[in-house]
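Before any questions on how it binds or moves, here is one chain, the form predicted alone, in structure tokens.
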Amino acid sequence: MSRIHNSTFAQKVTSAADAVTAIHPGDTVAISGFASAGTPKVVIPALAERIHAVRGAGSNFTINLLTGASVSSATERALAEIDGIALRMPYQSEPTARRKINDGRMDYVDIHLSHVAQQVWEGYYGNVDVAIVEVSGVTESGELIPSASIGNNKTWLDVADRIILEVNSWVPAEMQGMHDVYYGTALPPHRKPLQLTHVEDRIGQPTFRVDPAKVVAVVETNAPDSASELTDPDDVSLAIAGHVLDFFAHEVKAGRLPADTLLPLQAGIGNVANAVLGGLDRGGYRNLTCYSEVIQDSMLRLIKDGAVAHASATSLALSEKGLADLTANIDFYRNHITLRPQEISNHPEVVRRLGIIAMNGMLEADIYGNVNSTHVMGTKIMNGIGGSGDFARNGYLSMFLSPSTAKGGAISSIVPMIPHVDHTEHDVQVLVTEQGLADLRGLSPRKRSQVIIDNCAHPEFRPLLHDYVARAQAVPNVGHTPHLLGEAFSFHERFTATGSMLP
């Protein structure tokens, strides 16, 4: 049965091929999707076909593509392979797009996810011509029921000149009520405090508002989200998780964390974060809460086991098994999960007020605690900063996690100086690798370097790092943060020249 219960919208039902005729060369197109969940399923492939045909006939056709975060790989690849994207913002994770960005063939703006809505409202990216938004239904009153992610969809619907809706009947109808869409945001100087003091608080409404006059097409579909790929935790991930859990126990004993509930948790996407969350049920914790961007499989298990009482996010990033579990038990999970716009899920005010424990991945850190999350060898973008900065700078605890080596031991994740900085030492309190955990709170730069090398660096690289520090500190008048500027990037230079950071 159709999920469109409003006659005005029902009269606008059309095919995907007809819908994309509303998109023109040079348009700025904002689409739904966050960590692949809620990505439009049929309109984007139809747009790619149209762009390919126009370009094949000798005319230029590119768009500027705005999203919540990453979208499904197939969606991104379909547009990137045909050179259909001129500008991309704010986050990507697809190899074809990444290659074109690093080759200088696609402009890419990598920004904090909490900043996207404000920057779009302020016109930093020009006019938003078209929004393509997946929803799970249209109510009789003409409001839109969100699907498996919210991301920036509220903003796209508010600012776009023309709107194409994809109504996906695959999304369980029982998800209705899981969403909390806040309509009280404003630009300075008209902002008011967000009345959100507990993870489970609701401050908005369960549906999106939209001006029917702006909706130019409605496309019906029935297709699942792309599943997030997760593998079973390996020994390295489990070791990192073990160090994090030991640290939590230490903080509880020191009186800095509540004994049973800790503080609200945030974890980035990936196998390491999934392993950390998965280990919480072994720590004896009950009624934990999560205030994050995404909900992964491990979070569903924690909710089902009673370890987590409530989880707030902007998207569901689940594997095929996780999607099946959610669908089969949607009535249960709806009472324990809230999905919000990403400008709320990542809002610095809320992150600071709730006292979030932020756990995010990194590519590398230097001996003083500066972190590079985004650029391989300092120049080649990997994915983007995402929401890690929103949580790291404003959280109660800021932790960055990574294996100590990469490329079979050829790359050290602890280096003398990182060539690209996403998170300064002032926003980094704890570093964790499978080798150990470095608690940097209250330490001067010289003491930080010793703790990081001793606890986090791989044994193969520790002598090189200790030697660097010793020689740097021996330089007369070297200053507060000792460096040998002629050697600070020697690890990266050596890898570029020989394929290994080891001599």
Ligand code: 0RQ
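Treat the numbers as computed from the prediction; the structure is a model and nothing was measured. Each residue number is its position in the shown sequence, starting from 1.
Just so you know, the form predicted together with the named molecule exists too; it's not on screen, but the next bit is about it.
Annotated contacts: Ala267, Asn360 and Ala406 all touch the named molecule in the predicted bound form [non-hydrogen atom within 4.5 angstroms]. Within 4.5 Å of any heavy atom of the named molecule in the predicted bound form lies no heavy atom of Leu245. In the predicted bound form, Met382 approaches the named molecule with a heavy atom inside 4.5 Å. Contact between Met377 and the named molecule in the predicted bound form is found at the 4.5 Å heavy atom cutoff. Interface membership of Tyr285, defined by any non-hydrogen atom within 4.5 Å of the named molecule in the predicted bound form, is ruled out. Between the named molecule and the residues Glu94, Asp297, Glu364, Glu343, the one pair within 4.5 Å by heavy atoms in the predicted bound form involves Glu364. Think of it this way: in the predicted bound form, the named molecule has a heavy atom of just one of Ser315, Ser292, Asn152, Ser147 within 4.5 Å, and the residue is Ser292.
With the named molecule omitted here, the record of contacts in the predicted bound form names 369 to 377 of 130 to 138, 197 to 205, 224 to 232, 369 to 377, defined by a heavy atom within 4.5 Å. With contact defined as any non-hydrogen atom lying within 4.5 angstroms of the named molecule in the predicted bound form, the stretch 330 to 345 contains no contacting residue.
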